[in-house]
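First, one chain by itself: the form predicted on its own, in structure tokens.
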């Protein structure tokens, strides 16, 4: 019955999109988007048959309509990616396909969207609406589009968002020839779902956000299929595999951002049930920005964040710095280290980006993984002591060129 309801809602969305498209034919149309070429070079050899150089091409066009009064808009943004080595990294996805109706105190958003929650830099604990596109980048900040109905209310007590999520997306994992993967390949073709409706289950979420002068606070609750699957070992076949299992969870989250001059104090905390025992996780820290260092246009930011996760024996600490040039090219350099005092594991990273004229952007990323004092058991993925313990041979450099349409 629920699947029939979802199908009916999807058909209604298609009809509404067609009607809205016909309406906006009379309005001005913006054609946006970009295409990019990416090359990744891995400094050390990986597993058997893995290459050291990977390249990929991504095309992301965008069409945007807006009514004359600004109260109605429509966005369509697909994403197509092709990888030279890993077919599991190939992607055809709709990132945005939604229409927005704005009233005096109510805004309705219907369709496929991306919704971000959170304030911290290293781990986004509360961000749970969209599924992570984990093969796009190592930081986990790239997401897949999520079908939803979102009603946003503006009240004197803050803004309240209600979400009805029409089904769920499966997480992407690197294939056998892909780099930055687990030693045992994840079998994405045979996922396990706790729900009988599988990935067609309707999920729900609610979020409240309030601003108090320099303080921003958010409370959220999500009930539905987890976006973070448990990886189940399967040794019954000739080739061992990991099978993703998607449980039904309830997650309550808290976000806090306090601005005091150049100092930003941040916190994200969650408590979640449904995946074995209830657990809690927290990321907290601060970012301090020095404006106009050396009497120049340069801004220098210092970032430190502490992490705790009940599921992990030893959680890492992160320290970073962000240099902003405040120039026409919007040049930025971010560098930092993620380390674990107990295991001596380290992940050192560098990210730099800048525009080339009005048409293009160039970005560079490099990560070096330093193994700790503990050697992982590759046949027991669930008992790794840190999220990057098995990546000791995956040091890489990534160069991306983006052309804006």
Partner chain sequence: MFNLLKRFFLFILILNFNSFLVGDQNNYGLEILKKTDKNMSGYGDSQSRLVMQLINAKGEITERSMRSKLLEVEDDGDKSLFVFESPRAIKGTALLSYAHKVEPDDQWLYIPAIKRVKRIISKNKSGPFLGSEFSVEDLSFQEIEKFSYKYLRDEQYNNQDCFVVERVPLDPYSGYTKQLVWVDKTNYLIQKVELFDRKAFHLKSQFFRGYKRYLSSFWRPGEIEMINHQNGKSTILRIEEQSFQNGLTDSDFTQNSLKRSK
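Positions refer to the first chain, counted from 1. Computed from a predicted structure; not experimentally measured.
The same protein also exists as the form predicted together with its partner chain; that form is not shown, yet it is the one meant from here on.
The partner is absent here, but in the model of the complex a heavy atom of 287, alone among 203, 133, 287, 83, sits within 4.5 Å of its partner chain. Checking 116, 162, 279, 306 against its partner chain in the model of the complex, a heavy atom within 4.5 Å turns up for just one residue: 116. Not one of 61, 87 and 196 is positioned with any heavy atom within 4.5 Å of its partner chain in the model of the complex.
Here the chain stands alone, but in the model of the complex its contact with its partner chain, taken as any heavy atom within 4.5 Å, falls in 117 to 125 among 246 to 254, 231 to 239, 167 to 175, 117 to 125. Among residues of the shown chain, residue 97 is not one whose heavy atoms approach its partner chain to within 4.5 Å in the model of the complex. Interface residue remark: residue 264 is counted as part of the site for its partner chain in the model of the complex, having a heavy atom within 4.5 Å.
Not displayed here, its partner chain is kept clear of residue 310 by more than 4.5 Å at the level of heavy atoms in the model of the complex. Remark: residue 104 counts among the residues lining its partner chain in the model of the complex, judged by a heavy atom distance of 4.5 Å or less.
Interface residues of 218 to 251, taken as those with a heavy atom within 4.5 Å of its partner chain in the model of the complex (partner not displayed), are absent.
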